[in-house]
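Take a look at this one chain, the form predicted alone, written out in structure tokens.
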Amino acid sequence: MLDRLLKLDRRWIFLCIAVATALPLIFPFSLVRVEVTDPTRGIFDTIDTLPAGSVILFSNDYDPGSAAELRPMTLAILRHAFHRKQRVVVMTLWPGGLALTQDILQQMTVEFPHLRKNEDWAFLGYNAGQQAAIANMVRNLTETYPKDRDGMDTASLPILVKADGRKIESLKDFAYVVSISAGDPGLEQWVIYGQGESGCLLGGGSTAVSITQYLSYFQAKQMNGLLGGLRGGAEYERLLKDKYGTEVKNAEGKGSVGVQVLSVDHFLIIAFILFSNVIYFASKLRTAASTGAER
């Protein structure tokens, strides 16, 4: 029996991982409870306390390669903002983020059919300037984005007028700035060239592998909130569900499901490691016993 286990075809292990991954997706269940961290709560509390009609700048700085990690947190933040009746100006500094962002906004208009284009939300599109684009927005928004994605004059967009009648002319005029980032340009550039120059209130999210790079900005209070990877999205979804329940459609989204999938896979991998070590040492003991008997 030990010999058969030691020679087990690795494809059986791959099959077990595939089944373990598929089960939570087909039959959703809660294996672990996600505990909410302070960086996640920082973004949630900010959006939750902003007055209705506040204008948020949302920079979607990633492409489809990172969408599995970052899309859940993107959707959760946008759902929260729109449910709170805030207005969102969306942009991207990544060429690969253009179609992805359009798809996300399309989903939001389905979930929130009352939203009015250019009044409740607007899409400025892609800007190739990277950090220069951010620095230019500190000085003048409409010169950086003279036209939106549809070719309309940005200066004429109703969304860029605050509730008190004042125009949004630069980065510091937004109530909140959020960047969901997979690298460069992204959160680091928004901190250095955006928040550092304008003093704007900044929050963001990143892939899990990069979260430690940005935590220092949160600790230095250059950012008031930070989401990390799939877990960050799951944490935000939990806050959204706990406070608003069924008021927000799809409050518990793919971030929560993804965390359960990862948990099941991790438990299974740990079980495989423990089992393989038991088999290995059992075979060693058997070999030692047989050698001793021969002597």
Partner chain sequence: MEPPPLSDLIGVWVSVACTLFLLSFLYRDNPLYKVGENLFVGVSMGYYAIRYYYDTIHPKLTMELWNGTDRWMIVPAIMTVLLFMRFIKPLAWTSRYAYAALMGIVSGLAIPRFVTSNLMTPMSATVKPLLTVSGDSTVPMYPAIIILIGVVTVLTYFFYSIEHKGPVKWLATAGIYFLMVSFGTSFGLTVMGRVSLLIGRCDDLIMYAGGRYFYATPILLAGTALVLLLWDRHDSRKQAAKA
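Residue numbers count along the first chain shown, from 1. The term rigid core refers to the maximal set of C-alpha atoms that superpose within 1.5 Å between the two forms. Worth saying up front: this structure is predicted, and the values here are computed from it rather than measured.
Keep in mind that the form predicted in complex with its partner chain is missing from the display, and what follows is about it.
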Check each of Asn118, Thr154, Ser170, Gln222 and return the one that places a heavy atom within 4.5 angstroms of its partner chain in the predicted complex.
Gln222
In the predicted complex, the one of Thr144, Gln86, Ser181, Thr74 near its partner chain [non-hydrogen atom within 4.5 angstroms]:
Thr144
Residue-level question: is Ala52 within 4.5 Å of its partner chain in the predicted complex, judged on heavy atoms?
no
With the partner left out of view, is Thr287 within 4.5 angstroms of its partner chain in the predicted complex by any non-hydrogen atom?
no
4.5 Å heavy atom contact, Ala208 and its partner chain in the predicted complex
yes
Consider Val191 of the chain shown here, and say whether it contacts its partner chain in the predicted complex, taking contact as heavy atoms within 4.5 Å.
yes
Of the candidate stretches 132-140, 74-82, 170-178, 155-163, the one with residues having heavy atoms within 4.5 Å of its partner chain in the predicted complex is 132-140
So which residues in 161-182, when you check its partner chain in the predicted complex, have a heavy atom no farther than 4.5 Å from it?
none
After the core is matched up, is the C-alpha of Ala68 off by 2 Å or more between the shown form and the other one?
no
Please state whether Lys243 has a C-alpha shift of 2 Å or more between the shown form and the other one, with the rigid core used for the fit.
no
Once the core is superposed between the shown form and the other one, does Leu268 show a C-alpha displacement of at least 2 Å?
yes
Knowing the shift is 3 Å or more, I'd like to know if the C-alpha atoms of Thr246 and Leu23 are closer or farther apart in the predicted complex than in the shown chain.
farther
